[in-house]
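What follows is a single chain, given as C-alpha cells, in the form predicted on its own.
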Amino acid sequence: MAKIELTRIPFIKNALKSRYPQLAVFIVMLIGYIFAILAGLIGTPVGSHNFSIVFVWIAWWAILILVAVPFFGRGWCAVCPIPLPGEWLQRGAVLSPPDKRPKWLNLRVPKMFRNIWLQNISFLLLALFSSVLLTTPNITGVVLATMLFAAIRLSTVFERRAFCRYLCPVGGFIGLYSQTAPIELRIKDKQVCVTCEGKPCYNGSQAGYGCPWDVFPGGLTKNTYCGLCMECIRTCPHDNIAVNLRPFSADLAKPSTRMDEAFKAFIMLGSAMIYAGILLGPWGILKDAAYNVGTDAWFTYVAAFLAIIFVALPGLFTVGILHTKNTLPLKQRFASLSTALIPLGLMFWVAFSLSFVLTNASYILTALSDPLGLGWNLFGTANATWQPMLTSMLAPAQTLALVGGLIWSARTAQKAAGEVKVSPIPVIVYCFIATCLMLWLLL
C-alpha cells in the first residue's frame, strides 16, 4: 500500500490549518477533565457510580486502547487537555503567536532527562497502585489533578511541552504504540527543509508556534515523539508538511536502538499480563495483595511486579538472543529485536481491555445520569442494571487479537532480525510463549 496524503483533501487541510476546530475540542476536553477531577474528589465513593472512575478508566480507556492508538497513533495527544493551561501561561496567549521574550524561565530540559525513562517510571508508579486507582474515586481525582498541575509547573520552568514529552505516563505508551498506526505526519521534500531559512516549523513565526514537542519535522522518521499538534503545518511557509495514510506498523521496519524504548516495550507487555492475572484471574490472594496498599503482601506484590518486568521478561529475552551469532553488541541486538514486542504488546492490551471494558461498560449509563452519585437521573438511566456486554463474542475476539498480534510480531521480528543480520526464531518463540501465557490468563 502506497502512502496517501490526506492533506491533499481541501476540507482536511483547512480543518488542520485552522486552530478553531482544535480549540473547540480542547475546551470540551478540558471541561470534562476538570469535571472528572471534581467528581473524584466530591462525588460518591462508590467507584462504579462515579464519573471519574467510569469515564476515565472505562469509557476513555476503551476509546484510547481500542480505537485511538491502533488507528490514529498520537491522535489523543492532539486533543489532550492536560498541557493546555500551562501552555497558555507559557505563551501568554491562547491563539495569537507568543511574544519573542519568554514570560517564564523557559529553560532547556537537562540532557540526562531527554528520554522516556521518566515516563517509564511514572507509568510504573500508576501501575503499582492501579488496583486502588481503578476503584477509588478520590485517588483518581488526586492523580488527575496532580498531572494537570505538574504540566502547568513544568511549563513555567522549561520550554515547550516538557510534561508531555518527558513525564506523562500515558504519553509514553501512546508514543511506543503509535509506531504501528496508519497515520503519520511527515515532510514532503527533504531538500525544501534543508534550504528553509529560520526553520519556523521548529522555532515558530508570526504564523504560529514552534513545535511544542521539541521535534524538527524535517528529521522526523517515526511517530514516537510527534504529538500531532499540527503547529508545523500552520507555520511551514512552503506547504511542505503532510498528514499521510500509510500501511500499519510502517515505523517498525527500521528497529529502534534505544534502551529506554526497549524497556518500555517490556513494561507494557508485562503490565498487560499482570493486569490480566490480577483483575481478571481467579486468584483472590493476588487481588488482596494488589489492593491492600502498604501491607507486607502489597510490597511483595510490588517486588514481584518489578521483577517480572525488569528481570524475568528481559532476562529470558536476552537468553534467547544470546544464541544469535552476530558482531553487534548485545545491547544493540536487545534494543533492535525488542521492536518485535510492540505489536504483541498492543494486542495484549486490546485483548485485556476488551474483557475489562465489556464487563463494566454498562456502568457508563448509570454514571452519565448521576455522575456524582447524588441521586440525579438526568437521562433516565441512573437505575440501569449492571450486565456484561457481548459475552459470547468476547473469547473469540480476544483469541483473534492475540493470534493476530503473534503473527504481526513474527513478521516484525523477521524485519528487525534482517536489519541486525540474525535469526528471528528466538524472538518468535519468545512471542509464542508469551501469547500462550496471555491466552491462559484471559481464557
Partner chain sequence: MRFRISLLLFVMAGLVVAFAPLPVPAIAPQERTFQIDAHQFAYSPSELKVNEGDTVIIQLVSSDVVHGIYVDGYDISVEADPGQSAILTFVADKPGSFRFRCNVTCGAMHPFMIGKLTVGPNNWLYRSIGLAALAVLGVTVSRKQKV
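Nothing here was measured: the structure is a model prediction, and the numbers come from that model. Numbering follows the first chain given and starts at 1.
The protein also exists as the form predicted in complex with the partner chain; that form is not presented, and the subsequent description refers to it.
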The partner chain isn't shown here, but in the predicted complex, which of 59-67, 371-379, 387-395, 32-40 has heavy atoms within 4.5 Å of it? 387-395
Residues 138, 209 and 367 all lining the partner chain in the predicted complex, heavy atom within 4.5 Å: no
May I ask you to check whether residue 401 falls inside a 4.5 Å heavy atom distance of the partner chain in the predicted complex? no
With a cut-off of 4.5 Å between heavy atoms, is residue 281 one of the residues that contacts the partner chain in the predicted complex? yes
Using heavy atoms and a 4.5 Å limit, would one call residue 291 a contact residue for the partner chain in the predicted complex? yes
Can residue 428 be called a contact residue for the partner chain in the predicted complex at 4.5 Å between heavy atoms? yes
Here the chain is shown alone; which of 114, 287, 258, 234 has a heavy atom within 4.5 Å of the partner chain in the predicted complex? 287
Answer option from 326, 106, 359, 318, heavy atom within 4.5 Å of the partner chain in the predicted complex: 359
Heavy atoms within 4.5 Å of the partner chain in the predicted complex is the criterion; list the residues of 205-232 that meet it. none
